[in-house]
Every structure is written in structure tokens, then in C-alpha cells.
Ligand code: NAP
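First, one chain by itself in C-alpha cells, the form predicted alone.
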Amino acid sequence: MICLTLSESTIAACVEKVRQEREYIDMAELRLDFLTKEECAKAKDFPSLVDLPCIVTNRRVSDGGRCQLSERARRAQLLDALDGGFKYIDIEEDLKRGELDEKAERKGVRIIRSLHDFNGVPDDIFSRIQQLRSRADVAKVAVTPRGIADVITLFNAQKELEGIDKIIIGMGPYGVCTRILYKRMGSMLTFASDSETAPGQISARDLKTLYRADQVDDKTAVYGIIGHGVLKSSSPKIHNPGFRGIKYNAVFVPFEVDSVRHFFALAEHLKMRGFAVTVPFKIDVLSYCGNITREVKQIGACNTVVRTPGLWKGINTDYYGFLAPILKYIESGRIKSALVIGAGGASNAIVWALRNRGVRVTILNRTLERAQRIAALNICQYDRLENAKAYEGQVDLVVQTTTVGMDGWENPVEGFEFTGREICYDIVYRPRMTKFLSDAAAKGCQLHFGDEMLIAQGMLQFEAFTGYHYPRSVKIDLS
């Protein structure tokens, strides 16, 4: 089940929110701590105003909520709400059995006992869950994994706690994958919110339509993307619709990763079929690949890992993805020379792709040593970024490979005078129109955008993952 956590301040607003989100949700959690005092008195009416089962809770500040009332007053609000038709009440771990439990039992309301830990994952989490279950109908833990090792612990819950009614939530960036793959932990539901009432929450719409989290089962093939900051990645918007387009029971999930070694252990646990790799792990994953393609050997970086019989195979689709929008210009002779700005992980593949097609390349970078290393591997020129003006009017293609443009208002070659005949290509895809491209457009340059490369390399990854071409019937929407 997908349960919508309501953070509105009035009952009327909560009812309206449920109406708006109804097609994506199976339950709703009414948070009394978000309601005004006057509206709390109306809480018992809420279940009769919506057409789905409801949970009521009144979260203390220490448990991530907003209620600052005395314990007596807080419990009184919950007791009053139990006169309505709620199906569940959520009570904290440390509350002794009392009138809340007794009234809930008389009313036929199922009791959830919950533990919240915003600092980590308790070492004795499984025994804590068993203790919670002994005092309630459902045990709930919302904990904060500090790395992939903690995430593995949470996914072990299904095996360790088989047969126990439970809700397990990993909060924060490392826990996002647990919210999507909640059924793989044996969790009865996952919480959704577009206002992030708890760290790492995902909107109900994304859980239902993008990830189809409520349809994940033991046969669902798991794919993903690993790296830093991947929660904002658009890759799930490419692969998940593609899977649906070929009627493949699979899901593509973002994994925030701190340790490649631990992630490969998680990948084995989840029996993952493959994953995309972004910064900073495009080189680190090579140690775990038993087979790599020619492109990976030449470039020295891998952006795609696929499971094959007995081993993991490393692939690089950045190479072909980058070339796809401009290959016709290279083949026609329109592009013979290029300026590549930046010497980070992405520039390895880009410089090699251009040199492999016979384009003369000069790499510009703030740190000369990094540019020199890539230039030596690809037999091309390099220079300091501060000398960019020396190349004005000298090249056919200018490629921006740094992350500078992601803020939308900075150009790494500020002051560079475009002549208008250059083809300008920025691999940043959010925002689509970067300051670099905006400056180039003002001079009449032809533009190519980062989403072109992202989609092209994503389609190639899709083929590596599934063995099928990306379905033509699926329109990719990265918005």
C-alpha cells in the first residue's frame, strides 16, 4: 500500500489533498501535529469524509513531528480522534500500555507501535521490531541509514522477521531506495508526501506511476543508478517507462552510495540485473567487473554495469550517447576541431569519442595536470581554462563538460567570444538552457543540450539491460 502523509493545517485541506491524490494512494495518515488546535477537535470526522482507510498519529517534536503539547494533552487529542472511524493508530515505542491501547482495542482500531531514529540504525533493530510487535498489531521503525551497509541491514528484515506485520522505513538519502522497494523488506506500506514530512519521502504520484512501487514483487527485476546526488537523476524517467513499454516486470531505482564494495553486496542481495554509474564511481566499479568492453578499456571509465552469467560486465554508453546528436556533422566534415571544457570523469569519454572520429581536440581545465593526463591518453592538446580566449574563432565545436552550469547562472568560460559559427554542446541537462548555452545562443551558435546525450546513452543502457531496443511508442519526458 501507498500511504499519503497529510501535512495540511485543516481537515478540509486534508480532505482536498486526498481527493487530489486519490488515484495514487491506498491509505492516508492524518497527522494531528500539523493541524491547528481547533481543527484537531474535528479529526474524528476525517475518516467519514474520505473513501480509504486512515491512520491517526500525533507526532512529538522528538520523533520528527510538531506537537509541543504536554503528554497528557497530546494523548487526549488522540483519544478524541479514536471516536472516528480510523483503522489504525500510531503510538510511540516508549509509551506504556494505557487508555490509548484500551480504547483502540474496544473500537477495533489496529495499533502500530513505532520507533524513530534520526541518527542511525540501531544495532539491535530486529529484536526491537519483535518487541514492538509483541505490544501491537504492527511494528514500525523509521530509521536513518548512514550508508549502504545500513541499507543492507534493512533489506535483511524480510528474511529475519518473516511473518511479522511491519512497516520499515529508511529515512534520508540512503533510505530512498527502501521507500520504493518497501515490499522487498516485507513492509506492509510505504509513506508518500510531496512536502517531505520526513527526510527522503517521495511523492505519491512518483511512487505509483514512475516506480510502480506497489506492484513490485519477488519476480520484479531491479535496476538502478548509483553515485552521489542521484536522487535528482532523470534516469528513472527513461528506464521505467521503457520497461512498461516492453511489458517487462522491472523497476529502475536511484541508490545513493557511499561504498562501491557495499553496493555490490546489496546488488547481490537484491539480485539486481544491472545499474548505471555516475560520479564519483565510474572508475571504482571496474575492480568488480569480470569483463569490460573495448570502450571501457580505452576510456578507463564505466557508466553501465550488467549482470552476465558468473560475472558483472562493464560498459560505457557515454561515448555513443555523446556522439549521437553530432555524428552527422563530424561525418560531413562540419566538425573538424573541438574545444572541451573540463577534465572530469565525463570528459574522458567525450575526448576519446571525438579523437576516435578524427576530430582535433584541445582540453581546457583549471587544473592542468588532469587535462594533461587525458590529453596524453588521447594524443591531443591541453591548456589552462584561463587561456580560453586564445581559442576564439579557432574551433568548430565547443563542449562544456563541467558541473558548473548546474546552478543555471554561471559559465565556466565567461567572456569567451563566440563567432556564431560554433556548434555548442553542454552535457548538463538540468537546467536545459545553461548560461554557457545562453551566451552561445546570443551569438547565433547552433546548440545541443545535455538531455540529448542523457537520452541517447540511456537508450543504449536500456538495450544492454533488456536486450531490446527502446520502444518507439514511449515518449520520454524528463520534466
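Each residue number is its position in the shown sequence, starting from 1. These numbers were taken from a predicted model, which means no experiment stands behind them.
Omitted from view is the form predicted together with the named molecule, to which the following refers.
Quiz item: Among 277-285, 144-152, 121-129, 174-182, which stretch has residues with heavy atoms no more than 4.5 Å from the named molecule in the predicted complex?
Solution: Flagged stretch: 277-285.
Practice problem: Quick one: from Asn378, Ser114, Ser193, Asn365, grab the residue that has a heavy atom within 4.5 Å of the named molecule in the predicted complex. | Solution: That would be Asn365.
Quiz item: So which of Arg135, Arg370, His269, His262 reaches within 4.5 angstroms of the named molecule in the predicted complex, heavy atom to heavy atom?
Solution: Contact with the named molecule in the predicted complex is made by Arg370 alone.
Quiz prompt | Residue contact check: Thr401 to the named molecule in the predicted complex, 4.5 Å heavy atom | solution = Contact with the named molecule, yes.
Quiz prompt | Exercise: Val253 in contact with the named molecule in the predicted complex, heavy atom 4.5 Å | solution = Val253: no contact with the named molecule in the predicted complex.
Quiz prompt | Partner contact for Ala204 in the predicted complex: the named molecule, 4.5 angstroms, heavy atom | solution = No, Ala204 is distant from the partner.
Quiz item: Heavy atoms within 4.5 Å of the named molecule in the predicted complex: does Leu35 have any?
Solution: Heavy-atom contact with the named molecule at 4.5 Å: absent for Leu35.
Quiz prompt | Site check Ala346, Leu385 and Met406: each within 4.5 Å of the named molecule in the predicted complex by heavy atom | solution = Answer is yes for this spot.
Quiz item: Heavy atom within 4.5 Å of the named molecule in the predicted complex: which residues of 94-109 qualify?
Solution: The stretch does not touch the partner at all.
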